[in-house]
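Take a look at this single chain, the form predicted alone, given in structure tokens.
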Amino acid sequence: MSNLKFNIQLSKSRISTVVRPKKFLGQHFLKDQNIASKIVEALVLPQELSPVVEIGPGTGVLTHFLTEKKNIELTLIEIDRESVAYLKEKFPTLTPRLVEGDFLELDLRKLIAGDFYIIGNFPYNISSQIFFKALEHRSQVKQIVCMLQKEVADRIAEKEGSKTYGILSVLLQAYYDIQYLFKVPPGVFHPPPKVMSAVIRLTRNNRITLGCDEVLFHKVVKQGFQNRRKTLRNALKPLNLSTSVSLLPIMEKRAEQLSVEQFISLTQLIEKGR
């Protein structure tokens, strides 16, 4: 037996914790090392040391490749106690930067003071909530590289005019440039999910402000898509729009027909009409 094989078997034997994928946590552990490497390589970082947060590292398949990067200060956030115990055994030097908790509940500003990057194989059942949380911290989150359900990835990357285009599409594209990188088949996971997955990259754009009331912008987008089959004139009635705004030609359209810029312009018009 070669020394390399011996060392690998020895390191495995030292890890006593077994991590079982849990359905209620939406866990599907990636097994393919090549795909894991591609996901990590998709993270575009400056040469200087940069804080990176990995959400839900599970059994550490991405963590392994992240630790090989010299320009990464890595923080792991994991809610599963079995995974936490496993990661402490497998990556003991990362223990001080391993946070046991729910990413959705954490105060990220206390965790990391400045800008940071996010990477992870997002659980299917909370991927949208993770993005909404990232939007709350968009002044800090410079980039997100993630694998998630293909259907959600399609929705995020889609442009206006498509039935897939929705709330997440508009809100994320307002602040981030979206790149659809590659698809991932179910067979590379344990257990295999029933759907295809995809990897996308979101890079913070240069937009500091939307030039409108951003709270109102979010309301307009959400209200428009909650009634996406209706024209905006009818879908936005709960916002008590002025008559002058209601009679605008753009109000004849449906939410899925408006670009991000048109939603911003509409929000500005609603502001002026109040």
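Quick note: we count residues from 1 along the sequence shown, nothing fancier. Everything numeric here is computed off the predicted structure, so don't read it as measured data.
Keep in mind the form predicted together with a small molecule is missing from the figure; the text below concerns it.
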_I have G26, G58 and I126 flagged as a candidate spot, so tell me whether each of them has a non-hydrogen atom within 4.5 Å of the small molecule in the model of the complex._
yes
_Quick check for you: of 148-156, 73-81, 107-115, 163-171, which stretch puts a non-hydrogen atom within 4.5 Å of the small molecule in the model of the complex?_
73-81
*Which one of E89, E136, D177, D102 is close to the small molecule in the model of the complex, taking close to mean a heavy atom within 4.5 Å?*
D102
_To verify the annotation, which of these, L66, L248, L30, L241, has a non-hydrogen atom within 4.5 Å of the small molecule in the model of the complex?_
L30
*According to a 4.5 angstroms non-hydrogen atom cut-off, is N121 in contact with the small molecule in the model of the complex?*
yes
